[in-house]
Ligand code: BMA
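Starting off, we have a lone chain in the form predicted alone, written out as C-alpha cells.
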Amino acid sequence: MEPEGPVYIEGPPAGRLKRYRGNPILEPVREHPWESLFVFNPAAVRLQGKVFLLYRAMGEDWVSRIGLAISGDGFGVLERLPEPIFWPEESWEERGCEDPRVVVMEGRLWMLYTAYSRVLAQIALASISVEDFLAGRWSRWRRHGLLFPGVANKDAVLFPERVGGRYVLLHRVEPAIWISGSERLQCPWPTEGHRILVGPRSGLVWDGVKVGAGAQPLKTRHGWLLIYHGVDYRSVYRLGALLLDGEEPERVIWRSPNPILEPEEPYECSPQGCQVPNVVFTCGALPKEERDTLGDEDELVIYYGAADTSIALATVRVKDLCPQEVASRPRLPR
C-alpha cells in the first residue's frame, strides 16, 4: 500500500517557507527565442544594493542559456536583459549551460554550472570580475574548465568564503551530496579528500531517492545553513535544510526531518505547458538585508524554479530553519 504523502522522520522540525504573493516573479518571454519556453533555477547575488538573478532559460532550440534579471529589493524585477549573458561555447556544453550557482569572492563572481554535452552532465566553472559584470561585458567571462572531466556530476556550489583557509565545494554524485576542499580554485578540482555529507534517507520519505545541494550556504551564528533538494520515489522535488558546523562544515549539526517547501501551488505542480511537474528547486538564496553573519531574526529570500518552467520566491527567518533545540545544542569535539 502506498502512503498518501511524504513520511516524516521524528526530530526537531523546521519551519516552512512562506511564498511571495506575487509569484511567479519571472516567466518565459515568447518574443525571445532563447527563453520562450522555460525560465527557472536562478542563482542570486547582491551587488551595489541590487539583487541579480542569473537564471537558466530554454527556448525553441531546447538549449539552456543563462539570462539576467535585476531587482532593487529582491522581490520586484526592475530590469531584464533581452539577450543571454552566458551561453554554450565548448563541445562539453553544446546542449546547455544549466543551473548556475554563484558566489562573490576576491572581486569576482564564481559560477558553477552544469555543462551538458548531449551524453554527459558535468560540473564546469566560470568567473567574471565584479567590474565587468556590472558593466555588462559578457565577453569577459572566463571559462576555467570542468571540475571532474568525464565524470557524471551535478548540483555543485561553492561556499561564499574560505573555511579553514580552503575553498569548500559541495557536489552531487548520485544519490548523495559530497563535500571537499581545495587550496586553490582550479580545474580540475583535486580528486582526493572527498566525503559524503548526506545521502538519501531510507524508506518512502520525501528525500529517500536522492538529494542535492541547492543555494550557496549561508553563514549564520549557529553554523552554515544549506537549503538542499530531496527527491522521492514519485520524482517529486522538495526543499529541506541542513545546518553545518561553522568551522568544520563536513560535520552535520542538524537535518530537517520535514520538507520546508513542497509543490502545492498550480505553478509548481502541473501548469499548462510545464516542463517537469511537481518540482521546487533552488540555486540561490540571500538575506533580505545584507549581513556578514546572520542572526535568528534575519529574514532569508529563497529563489526557486517552479515545475522547471517559471521562477518564484519564498521567505523565512533564520530561527525558523534553526530550531532552538538544535541551535542551543552544545557542539561535541571530534
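So that there is no doubt, residue numbering starts at 1 and follows the sequence shown. Being a predicted model, the structure only gives us computed values, none of them experimental.
The discussion below concerns the form predicted together with this ligand, not included here.
Comment: this ligand is not present in this chain, but in the predicted complex one of L294, V29, L68, V276 has a heavy atom within 4.5 Å of it, namely V276.
Using a 4.5 angstroms limit between non-hydrogen atoms, D207 is distant from this ligand in the predicted complex. Using a 4.5 angstroms limit between non-hydrogen atoms, K154 touches this ligand in the predicted complex.
Heavy atoms of D298 never reach within 4.5 Å of this ligand in the predicted complex, leaving it off the interface.
Interface membership of Y113, defined by any non-hydrogen atom within 4.5 Å of this ligand in the predicted complex, is ruled out. The stretch from 44-52, 276-284, 29-37, 262-270 that comes within 4.5 Å of this ligand in the predicted complex, counting heavy atoms only, is 276-284. Taking a 4.5 Å heavy atom cutoff to this ligand in the predicted complex, none of the residues in 187-220 make contact.
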